[in-house]
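One chain comes next, on its own, written out as structure tokens in the form predicted on its own.
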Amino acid sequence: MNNYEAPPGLLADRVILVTGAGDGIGRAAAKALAAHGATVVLAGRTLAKLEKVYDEIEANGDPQPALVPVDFSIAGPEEYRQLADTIESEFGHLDGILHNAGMLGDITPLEMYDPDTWDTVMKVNLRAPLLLTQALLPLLKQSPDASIVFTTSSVGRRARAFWGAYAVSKCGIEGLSRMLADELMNTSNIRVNCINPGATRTTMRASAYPGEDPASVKQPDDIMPLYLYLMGPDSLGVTGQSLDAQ
């Protein structure tokens, strides 16, 4: 799947929401999905970054995207319901969600972890994906074959010392994804999976590994085959999995 070659029109007529679309993996995914025919809804905290990605997609001649500024650290059920209403009124359906927005927090021993930072990381990395998915499930159920993709991490499969709230939140995402996949497997056409991007050249990676040579890890564009595979019809029947992009 990491060598998957997506045909140009793989995602034609599909509407896909990407969170954390302003930079890094989210930006690369939004552009890759649009390049393969999807209408992408760009969601993130910083409007200027979303507008830049919007312009890049339009400059490529891909389907016109939409953008929705949202701060996942403070948004609640009402904001997510409003987002769902906006997507329904603008497009009438939704075919996929890439939950990519995330926050690293502190890398420090648990005995020193700041409680407020812990709460914020949990809100962004775990609570927001749950609430957003709840709000959008009615729209996803209208799709012939919808895909929900959560972003995980190696520290979400086996929590690592000092990774604090980030690791615990990603352990939660792994559980949430599998639980949701089980619940939807026999009641809908929605598949649910996790992607572990692996070592990728992003701002978060640089914060976590300040001594690492950025040139030693892959760029976000290099790991897009798995994202395209899971968002397209070739992954029908694949659900409840946690897959590595590298």
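Note that the structure is predicted; figures quoted are calculated from it, not measured. Quick note: we count residues from 1 along the sequence shown, nothing fancier.
From this point on, the text means the form predicted in complex with a small molecule, which you will not see here.
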Completion exercise
Only one of 165-173, 107-115, 83-91, 133-141 sits within 4.5 Å of the small molecule in the model of the complex by heavy atom distance, namely 165-173
Completion exercise
The one option of Arg178, Arg191, Lys31, Arg205 with any heavy atom within 4.5 Å of the small molecule in the model of the complex is Arg205
Problem - the small molecule contact in the model of the complex: Asp119, any heavy atom under 4.5 Å - result: no
Exercise for the section: Although the small molecule is absent from this view, report whether Val124 comes within 4.5 Å of it in the model of the complex, heavy atoms only. Expected result: yes
Handout entry: Proximity of Gly198 to the small molecule in the model of the complex, heavy atoms at 4.5 Å
Key = yes
Handout entry: Residue contact check: Thr152 to the small molecule in the model of the complex, 4.5 Å heavy atom
Key = yes
